[in-house]
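As structure tokens, one chain now follows by itself in the form predicted alone.
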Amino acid sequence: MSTAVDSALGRVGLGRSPDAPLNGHAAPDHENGNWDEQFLPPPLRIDDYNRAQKIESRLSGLVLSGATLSRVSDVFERELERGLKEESSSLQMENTYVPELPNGTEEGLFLALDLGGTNFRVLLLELRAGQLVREDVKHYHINQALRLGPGEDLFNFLADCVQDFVRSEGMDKESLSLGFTFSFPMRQHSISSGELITWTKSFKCSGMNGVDVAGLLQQCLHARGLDITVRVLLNDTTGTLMAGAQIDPNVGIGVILGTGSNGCYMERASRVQHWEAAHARVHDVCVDVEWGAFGDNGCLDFIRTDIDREVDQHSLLAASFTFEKYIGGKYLGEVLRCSLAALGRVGLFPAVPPPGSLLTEHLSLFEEENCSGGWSRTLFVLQQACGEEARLGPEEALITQHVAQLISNRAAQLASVCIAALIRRMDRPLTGVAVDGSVYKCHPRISTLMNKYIALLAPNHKFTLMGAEDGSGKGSALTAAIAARVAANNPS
């Protein structure tokens, strides 16, 4: 059976999404005709040529040509400029008020509180000459009642956990600075204050409208008699940038590519409209793009497929976080499932996998086996997802691997569009990009694809992609140290 499949007699060219004119700067060498083709994934190879043709046609919307990606890039740049000017945009372009990157002089003991999911951490980190020399950490679980109840209850719980942690360290009487990693969209008013814009993930606490989350945490800490000062409020993307820049001073962009996705970068302070603090001496400032919501205003509808609409319709946050649903680990497995279901409904696949039956970890597994030339593990997972009554064989496993490849390729392309646009905008001799997140770490091909596509979309710009660990912990401590250094150098 495998011999017949592996002979791969069928070979079909991929269809393309509707194209738009190239924007010149993205690909100056496109006239030779090869540039556009380099974005196309390999064709489906199965024995049944007619079936392969029909599958390719049905899924052609998942295939983005270079011209279409160039159009996405133009839209991203337009939305970026609007966001910086505080005009209507799907990009928040939030001023984080972080004015510097690590320079190797960061010193001291710092607490870090990392809130972004059902499990969160309190950390004690010691920096010497910018290097992390000590890290103590304790994990705590946030139950559903706290995640959905009054916000004040949640923050009192966080303060209780901080108190428990410093007592376990024998430091409950000491004066400490804290970096608060709050990985939810927020509107910052300074480096140490900001308001929640919207809860995401599994949180929906009430009573948080207009509340300064750092101020509320500070209040709860003081109520427990703790001499702990919240020095920095940041999200995990900013922390990733800081953690990356501590390793490589060329790093100027931070990216999260995990359950969700986001990016931040160092922007010229003069280009940023929103300021609520003195910034006469600030040359650059970290801007949090919040690109997960890119396209929420309809500006990316030209790449949206019926499959994407189905994923969105059945998501917890329908009609929001549009871009994240193309590239985030929370959604890629469902994009795969909906794609196979779409084939099943028109008789091109022998089953319609039920909702939730395929996860992003399965997509990564299918890609891994595709790279090695096998299909047996794919078939096993597929049979479990679709049920034993489904008549599945090696050809269905190869089709599934192909669909996973299309989805992975599109995710890598769209993430690369945003990164390449920031690289071109910063226009440095060499721009380092620090990336963290489960999709980047665990997907077998994503980093290779991103290197390829960023190079195509930002020609004549040197860049490096590097993994950065624990931006929400280490990055938080580094940012708190930077805030202390800036305050010492600029006494009010």
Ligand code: GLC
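Computed from a predicted model, the values in this text were never measured in an experiment. Throughout, we count residues from 1 along the sequence that is shown.
As for the form predicted in complex with ligand GLC, it is not shown, yet the points below apply to it.
Is there a non-hydrogen atom of residue 290 within 4.5 angstroms of a non-hydrogen atom of ligand GLC in the predicted bound form?
Yes, contact at 4.5 Å.
Check residue 151 for me: does it contact ligand GLC in the predicted bound form (non-hydrogen atoms, 4.5 angstroms)?
Output for residue 151 is no: heavy atoms all beyond 4.5 Å of ligand GLC.
With the partner left out of view, is residue 236 within 4.5 angstroms of ligand GLC in the predicted bound form by any non-hydrogen atom?
Residue 236: yes, in contact with ligand GLC in the predicted bound form.
Residue-level contact is defined here as any heavy atom of the residue lying within 4.5 Å of ligand GLC in the predicted bound form; does residue 183 satisfy this criterion?
Yes - in the predicted bound form, heavy atoms of residue 183 and ligand GLC come within 4.5 Å of each other.
Check 256, 321 and 324: does every one of them have a heavy atom within 4.5 Å of ligand GLC in the predicted bound form?
All three within 4.5 Å in the predicted bound form.
Which of these stretches, 294-302, 198-206, 74-82, 265-273, has heavy atoms within 4.5 Å of ligand GLC in the predicted bound form?
Among the listed stretches, the partner-contacting one is 198-206.
Scan 394, 353, 260, 333 and let me know which has any heavy atom within 4.5 Å of ligand GLC in the predicted bound form.
Of the listed residues, the single hit is 260.
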